[in-house]
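Form predicted on its own, single chain, as structure tokens, below.
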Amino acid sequence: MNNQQKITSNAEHLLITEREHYLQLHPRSIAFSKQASQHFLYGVPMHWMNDWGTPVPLFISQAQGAHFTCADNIDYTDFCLGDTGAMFGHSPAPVAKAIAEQAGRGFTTMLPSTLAPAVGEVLSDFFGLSCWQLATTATDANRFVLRWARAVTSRKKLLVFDGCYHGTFDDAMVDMTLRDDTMADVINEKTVSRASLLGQVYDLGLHTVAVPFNDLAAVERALASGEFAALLTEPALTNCGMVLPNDGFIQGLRALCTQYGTLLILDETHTISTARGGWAKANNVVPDFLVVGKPIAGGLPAAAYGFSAAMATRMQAAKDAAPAGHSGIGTTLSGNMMTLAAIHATLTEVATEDAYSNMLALARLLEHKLIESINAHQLPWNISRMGARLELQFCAVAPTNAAQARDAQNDAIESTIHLYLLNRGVLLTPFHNMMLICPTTTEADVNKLMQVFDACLETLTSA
């Protein structure tokens, strides 16, 4: 039995103990779960809330800054932060104040708020693109942007990367598999609808193609056909386990998209953790469209997509040439008054340069301490970091594509680390043990995480 097998075996046994410990700690969450099960599917308002690997969901009474309190009055240091939704902290005071003030003046009218000009200016300054439209979620924004891309290019196909995630946006819910073409006696890549999709009735591979991340040659082979309206990607894959881009990879995508007349869409919903303005702005890459969601309104549902003035002209021409009627773009609540107030407060008073400086400094400190702990326990693991976002991965060398990231996953170890830390007042994202630093995270919070993490590794590696 090698070291990784030994740790996996230890994790499987420890997980049983930690599940029992969780139930002892959370009698009120158990009671809330039973009550909620009378009316909510799986006992939660949204079924993902049941996917945390805990015996029953953890019910929350309040959240503030980098901490929250559960129904059993236990304080937690939060490094999950709503999986980026609360990346700037829970209930930031300026956002709470803006929402409270706006609540007395109206929520939604399907007409522009007087804040609209100021919010447009803030989005442009923050992300570096001149024109914007709002949506309610990043899923919506990605769906709308693809409609615009197809409209302005008169092309149908979308190129994405294996392992990608862009919300519950249908066209991107695909996987890359291998098929054996016996006629040609070669192995070819094939794009198929993701197996986990419920109620899927048509083949998403008809108009979407997935290729490996960090493979510019595969991208060029696809784009050379001239069929692709857009290439949609995050600057780093963040859902299959974090996969960072090779040096020059995103810049290479920009060049190839320009060469073949394909629009480059960068989804920065998660990679806004990189720096103020996101990865693209920090690395001087100008996409044709930029999508952001989750944290831009302080955790209130909101998303936005940006583009250049030249692209705006093309979009207006496509819309003006279409018959009157619903464009399939936008919802009644998109750009509502409450959202505008929350976005303005978040981007001007919360997501500041000083806030990012604190977040990035603590993220670097946490990365250093995590690597020290992994090395001290002689584990073949690594830490990937993009700004204030970090992930623990069970492989010695960071993965460069989704296949490598999937190969490194170990459900037993991942679940055990998550639940061990949770039972001791520290929350990580349960998917791939991701950690986020927010503006109000402190060095004491980092030290608490490390104290519990070290104890967990000590237990996992003991004979």
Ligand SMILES: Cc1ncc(COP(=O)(O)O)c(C=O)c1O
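These figures come from a predicted structure and were not determined experimentally. When you see a residue number, it is the position in the sequence shown, counting from 1.
The same protein also exists as the form predicted together with the ligand; that form is not shown, yet it is the one meant from here on.
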Next item on the list: Answer for residue 267 alone: is it within 4.5 Å of the ligand in the predicted bound form, judged on heavy atom distances?
Entry: yes
Note to self: Although the partner isn't part of this model, could you tell me whether residue 142 comes within 4.5 Å of the ligand in the predicted bound form, counting any heavy atom of the residue?
What the structure shows: yes
Notebook entry, point to check: Would residue 167 count as touching the ligand in the predicted bound form under a 4.5 Å heavy atom rule?
Noted result: yes
Checklist line | Contact test in the predicted bound form: residue 234 vs the ligand, heavy atoms, 4.5 Å | finding: yes
Checklist line | Residue (of 208, 102, 137, 274) lying close to the ligand in the predicted bound form, criterion heavy atoms within 4.5 Å | finding: 137
Check: Quick one: of 83, 72, 215, 367, which gets a non-hydrogen atom within 4.5 angstroms of the ligand in the predicted bound form?
Finding: 83
Checklist line | Segment that reaches the ligand in the predicted bound form - one of 323-331, 337-345, 159-167, 251-259, heavy atoms within 4.5 Å | finding: 159-167
